[in-house]
Every structure is written in structure tokens, then in C-alpha cells.
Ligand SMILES: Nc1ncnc2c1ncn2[C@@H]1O[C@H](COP(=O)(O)OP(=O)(O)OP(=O)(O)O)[C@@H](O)[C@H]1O
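Next up is one chain by itself, shown in C-alpha cells, the form predicted alone.
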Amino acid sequence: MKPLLKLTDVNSYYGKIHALNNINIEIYEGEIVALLGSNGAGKSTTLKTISSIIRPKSGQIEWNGKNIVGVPPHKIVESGIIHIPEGRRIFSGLTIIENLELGAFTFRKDKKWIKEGIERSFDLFPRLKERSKQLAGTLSGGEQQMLAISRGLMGNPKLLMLDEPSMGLAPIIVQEIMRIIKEINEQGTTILLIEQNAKAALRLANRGYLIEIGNIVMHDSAEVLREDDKIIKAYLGA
């Protein structure tokens, strides 16, 4: 089986800083793959490189077998790769409905699809339906994260890339977000997950990669990684 997404010897830079060093990652359809690492290791840079926000200096990024290096970010979105960045990045001065409508910009001419997409979002997150006309900036942190995920789903992703979805949230909200991520995956969306809560990530994931200073230093099944001494000491607690 060919991978849905394949990174081969990818090198990315911030100015003169070598942020990603010959990284190789494969993601197969239907998986949840966790990307683990400390702050500054290169996790977010990996997602930005896939999204074409950062163009790699060298290497290949294949999406459904086609090299997408140099493809503009909006075309990456149209191809089915949706990136939900760290920090939510919602439009705080717009309502929940308006945020969701903007998330469906690639389907802007299909009013029926947009309406159905909003209904699907509200089925996943009933709390958003109750506040649908509320300004996004007035929502709680958990509600804003729900909105960010819902807005991403409005683009009908084949691959959903989530960057730190639990950051700054109360434990009970984290549990709800993780449950929803699992549900999204079970409905057919492949997921690449960056998550500071390594325990939660490896409970969800099928496989995981560990990145350190821009290098992939380990990858295996989530089950194996949960038992690895290096992972336990660094990310899961002794």
C-alpha cells in the first residue's frame, strides 16, 4: 500500500537556521500519526512545510504520489490537506457561523455543501450550535479550539493536521477534544497530530515519530513507543 503522504529527505530553513534535517515521514490513509518532540524540535515547521507555508530547500513531499513542493498553500488546501495551527487562529471579530463559512472557501459556490458542513460541525460540537451567532473572540479556550477544528473540517480534509489542540485547556476539555479527534478519524479522515500531551497522543495514534533538533530519531507503533524508556523519561514521566 502506498502512503497517502510521504516526506523524503526534506530540509527546511528559517533564514540560516536548519530547522528540518533530511526528515522522512510516511502517513497512510486512515491512520492517526503522532509527531512528538520538545519545543523547538521542528514539529510545527514540519506541518508548515507540508502546508507550503515554508518551502523546503530540498527533498520531496508526495501527496497521493504527486510531488507538491512549490504548490501554493491554497492549492494544498484544495487538494485535501488542512492545517489547524497552534494557537487556534480563529477570526475573533466574526461569529461562529462566519468562521465556519470562511473555512469552506474552496466550496464557496456550493451553498448546500456549506449548510451540510455546518450541520456536521454542530453535530460534533453541540456547544457551538448554542452559540452560533456569538463572536468567536468571546468563546472560552475550549470552545475556540472546537471552532478551529470545525472550521478545518469545513474544507473537507483527507488529511487533517492538528498542532497542539489541547494546549492551555482544562483536563476535562482535553478529554472531549481527544474523543472528537478519534471520532473524526473513525469517520474516515487521516490525522497528523502534534500534541504536548504525549500520553493522550499515543493513546489515540496508530504510529508515532519522535523529532529532535530537526531530526527524526525514532518511529514505531504507538504501542511500542508507549513502552520505550526514552519516550517514558522524556515525555511520559518516569
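Fair warning: this is a prediction, and the values are worked out from it, not measured in the lab. Position 1 is the first residue in the sequence shown; the rest follow in order.
Quick note: we don't show the form predicted in complex with this ligand, though the next part is all about it.
No residue in the set 8, 69 and 219 has a non-hydrogen atom no more than 4.5 Å from this ligand in the predicted bound form. This chain appears without its partner; in the predicted bound form, the one residue of 58, 175, 187, 38 with a heavy atom within 4.5 Å of this ligand is 38. Residue heavy atoms within 4.5 Å of this ligand in the predicted bound form occur in exactly one stretch of 23-31, 60-68, 178-186, 44-52, and that stretch is 44-52. When contacts are judged by a 4.5 Å heavy atom cut-off, residue 19 counts as touching this ligand in the predicted bound form.
Contact annotation: residue 164 falls within 4.5 Å of this ligand in the predicted bound form, judged by heavy atom distances.
Within this chain, residue 197 is remote from the site of this ligand in the predicted bound form, having no heavy atom within 4.5 Å. Looking at residue 86, you'd find a heavy atom of it within 4.5 angstroms of this ligand in the predicted bound form.
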